[in-house]
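A lone chain, given as structure tokens: the form predicted alone.
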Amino acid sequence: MAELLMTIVGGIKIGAIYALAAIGLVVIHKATKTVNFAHGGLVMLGAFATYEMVVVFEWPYWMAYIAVPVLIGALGALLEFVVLKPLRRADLFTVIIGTIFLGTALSEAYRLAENSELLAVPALFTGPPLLIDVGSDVVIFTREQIWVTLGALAVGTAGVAIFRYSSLGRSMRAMASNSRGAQLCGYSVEGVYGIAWFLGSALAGLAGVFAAPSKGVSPDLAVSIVASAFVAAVIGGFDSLGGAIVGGLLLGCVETLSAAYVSSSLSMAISYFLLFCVLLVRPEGLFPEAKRRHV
């Protein structure tokens, strides 16, 4: 029983990171209708920036949680303005293809810049674990597990609240619903797109900060995170921010349990099988956002 609980807690920790990355994907998609395949590269850069700040420059760890999301968010907004904005003159498919090449370029640029295949980042909390008695067993929780789980979920929930209730979120929802109508109401396409890409990329950068201690920094991080974030977003409903959180937690638990009790080499395959089952039963995802009609 204790082993099962510890496995689930580990899965929730990984799932919280997936949820944070998935929310960034959904924010960009909801506001701009763009599926951002460069999202994993931004997560990887967030992890790499954390390594540079914490290990190379030996800055306080808390600075990474503040500076990295801002830096990666600014980079994402810059990439949208410089690279993707000209592509919008063609069609949406061209923009999506552009994000694929951007993601590849970010991963290969890192590979060329760093000779090491894996950079290790220390955990923020290294104190003794917390022990909880469960009957005759003892469940062990590390401080890092608690911090990552609560921190990632808190930021993800804050992102959902900003999108739903703030004026920034209202502008992004208006642009997604009817771009021409939003422009007539005074919203700027470039401004709204820039805000959406900044927020989505900032969430990706923060996901990289949380993921760096447990997963390290490597080009493989970009692929694994973006794949898991997409699966989590689709399971939850690709337009649902709350669904992205639930999808991420569910995916993390399924991956961890399958790795512990089936096979670590099959954990990703089982995750995709879960996605396939969800799409068969509910193609719109588990928690699709309700479509409102105005008459």
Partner chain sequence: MIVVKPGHRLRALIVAGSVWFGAAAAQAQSPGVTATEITIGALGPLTGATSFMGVPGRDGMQLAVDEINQAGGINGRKLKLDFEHAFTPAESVAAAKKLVEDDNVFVLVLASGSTGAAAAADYVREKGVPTYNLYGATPIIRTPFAENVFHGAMPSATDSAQALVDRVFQANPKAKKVGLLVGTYAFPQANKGAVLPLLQKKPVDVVVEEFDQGARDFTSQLLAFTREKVDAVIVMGSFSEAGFAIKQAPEKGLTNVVWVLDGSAVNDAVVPILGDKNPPNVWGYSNTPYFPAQSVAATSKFRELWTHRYGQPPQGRPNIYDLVAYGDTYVLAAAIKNAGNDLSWKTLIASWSKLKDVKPSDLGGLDVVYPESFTETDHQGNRLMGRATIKDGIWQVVPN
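Numbering follows the first chain given and starts at 1. The shown structure was predicted, so the numbers you read here are calculated from the model rather than taken from an experiment.
A second form of this protein, the form predicted together with the partner chain, is not displayed here; the remarks below concern that form.
Using a 4.5 Å cutoff between non-hydrogen atoms, A227 does not count as a contact of the partner chain in the predicted bound form. Interface residue remark: Q145 is counted as part of the site for the partner chain in the predicted bound form, having a heavy atom within 4.5 Å.
Residue contact check for P122: one or more of its heavy atoms lie within 4.5 Å of the partner chain in the predicted bound form. Not displayed here, the partner chain is kept clear of P86 by more than 4.5 Å at the level of heavy atoms in the predicted bound form.
In plain terms, the part of the chain that comes close to the partner chain in the predicted bound form, with a heavy atom within 4.5 Å, is 252-260 out of 233-241, 25-33, 252-260, 40-48. Proximity to the partner chain in the predicted bound form, defined as a heavy atom within 4.5 Å, holds among G216, G151, G103, G194 only for G216. This chain is displayed alone, yet in the predicted bound form one of L78, A161, I140, V189 has a heavy atom within 4.5 Å of the partner chain; that residue is I140. Contact here is defined as any heavy atom lying within 4.5 Å of the partner chain in the predicted bound form, and by that definition each of V55, P129 and S264 is a contact residue.
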